[in-house]
Ligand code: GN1
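Presented as C-alpha cells, the chain that follows is alone, the form predicted on its own.
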Amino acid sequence: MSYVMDELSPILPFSGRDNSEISMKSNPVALHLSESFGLGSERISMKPIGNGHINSTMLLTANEKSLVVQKLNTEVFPEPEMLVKNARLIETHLSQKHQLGEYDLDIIRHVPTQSQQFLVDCDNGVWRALEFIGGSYSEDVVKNTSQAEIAANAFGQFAVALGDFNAEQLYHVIPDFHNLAMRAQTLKAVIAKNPVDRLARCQAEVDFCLSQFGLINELKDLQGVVPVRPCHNDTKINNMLFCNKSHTAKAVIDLDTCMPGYWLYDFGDMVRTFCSPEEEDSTNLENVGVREEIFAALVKGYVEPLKDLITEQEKQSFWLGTKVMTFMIGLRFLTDYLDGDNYFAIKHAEHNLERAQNQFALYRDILAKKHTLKAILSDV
C-alpha cells in the first residue's frame, strides 16, 4: 500500500477550523500520530484540509509519505468504533467488486496503526487515518453540466456496487439522521426554550419552516413502498474526487454516514449541492437557485447506472428527495443557530443563520420550478 503524495492541491472535503500549518517534529500530536501510523518521525508536516462541518481533518506527511488523519467529533459520532466498522464493511465490499471488475473507482481505506488498531487516543480525542488519494481534486460548486453528470454517475456507481450489500449490517451511527419528523420536533423544542435569545432575529425563517411540515406526511406515505438501501447519506459534490489529469471520477469518499436509507435522500442531497451556482453559506441569495441544465445532467448521470435496480416508485420518489433534503438541511442549520451553534462548525456568529437562509432560498426555487424539474425526472 502506497501513501506517496504527488499533489498538494485541495484533496479531500474534510474540515479544519484553522488554515495555519503545523510543521514541526516537536509538535506532540503530529509526532504521536506519525509514529502510530508508521510514517516515522522525520520531516513531519501536518496541515488542515477541506471544508467539512464536523470532523477536524489534517494531511499528515512524514518521510515523503502522506495520510489523511481525522480527529473525530465524538459529540456527533459518540461510537467511533462503529463508524469505522461501518466504513470498513463497505471498503471490503467495494474492494471485492473492484477485483471482479464491477467497480472502477478508487476506494478510500482506513489505515491501521503499528499495533493493528484503527483508532488512536491523542490530544483529548480519537483519531483515525485514511489512505491519501493523490492526483485528485474536489469541487464545492459544480461548474458545468459535465461535472454534474460525472459526479452523479460516480454516486450511482457507488449505489449499484452496494446493490447486493445487506443494508442492515450497517450500524446507525447517527440515529434518525434523515428523520424529518424528529428534526421538526427538535426545532420546536429549541424554539420553545430559545436558549441563546436568538428567536427574534430569525422569526421569518422559523415561520417559514413551520409552514412546510407537510413534507413529513409525504415521507410517511413512502414507508414500505420504496426499498431500504445502503446509502451514502452525504452525497455533496465535494464528497466526490475528480482526477487531476482526465477530470473523470476518481473516488467517492467520506463514508461516515453510510447507513440504511432511501436513494431519494442521496439524490436530493446531490440536487442540494450540485444545482445552485452559490456555495451553501453564500449570502448572495438573489443568485441562489436551481440550474435546470445541471439538474438534468445530475438526473442523467445518477439514474443511468441504477437502471437495472431502481423501481419506478423509487424514481418517482426522487422529486420528494429533491424537496426534503434542501429543506431539511436548512431546518438543521436554523435549529443549530437557535441552539447556540453546537453541531456545525461556524466561522462567525451568524454563519448557521446565513446557511439556513441560503438553503431556504434554494428550496423556494425548487418549489417554483416544480413542473420543469418533475418533467426532467419523468423523461429519464
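We number the residues from 1 along the sequence you see. Predicted model, so just to flag it, every value in this text is computed and none were measured.
One more form of this protein should be noted, the form predicted together with the named molecule, which is absent from this view; the next part is about it.
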So the named molecule isn't shown here. In the predicted bound form, which residue out of 54, 353, 346, 29 has a non-hydrogen atom within 4.5 Å of it?
54
From the list 177, 171, 242, 118, which entry has a heavy atom within 4.5 Å of the named molecule in the predicted bound form?
177
Interface segment, criterion being heavy atoms within 4.5 Å of the named molecule in the predicted bound form, picked from 284 to 292, 266 to 274, 210 to 218, 298 to 306:
266 to 274
Evaluate residue 324 for contact with the named molecule in the predicted bound form, applying a 4.5 angstroms cut-off between non-hydrogen atoms, and reply yes or no.
no
Since only the chain is shown here, I'm wondering whether residue 234 would be in contact with the named molecule in the predicted bound form (any heavy atom pair within 4.5 Å).
yes
Please run the contact check for residue 60 against the named molecule in the predicted bound form: heavy atoms, 4.5 angstroms, yes or no?
no
Might residue 149 be said to contact the named molecule in the predicted bound form, defining contact as any heavy atom within 4.5 Å?
no
Establish, in the predicted bound form, whether 161, 314 and 318 all lie within 4.5 Å of the named molecule, using non-hydrogen atoms for the distance.
no
Pull the contact list for 329 to 350: residues with a heavy atom within 4.5 Å of the named molecule in the predicted bound form, in sequence order.
329, 332, 333, 343, 344
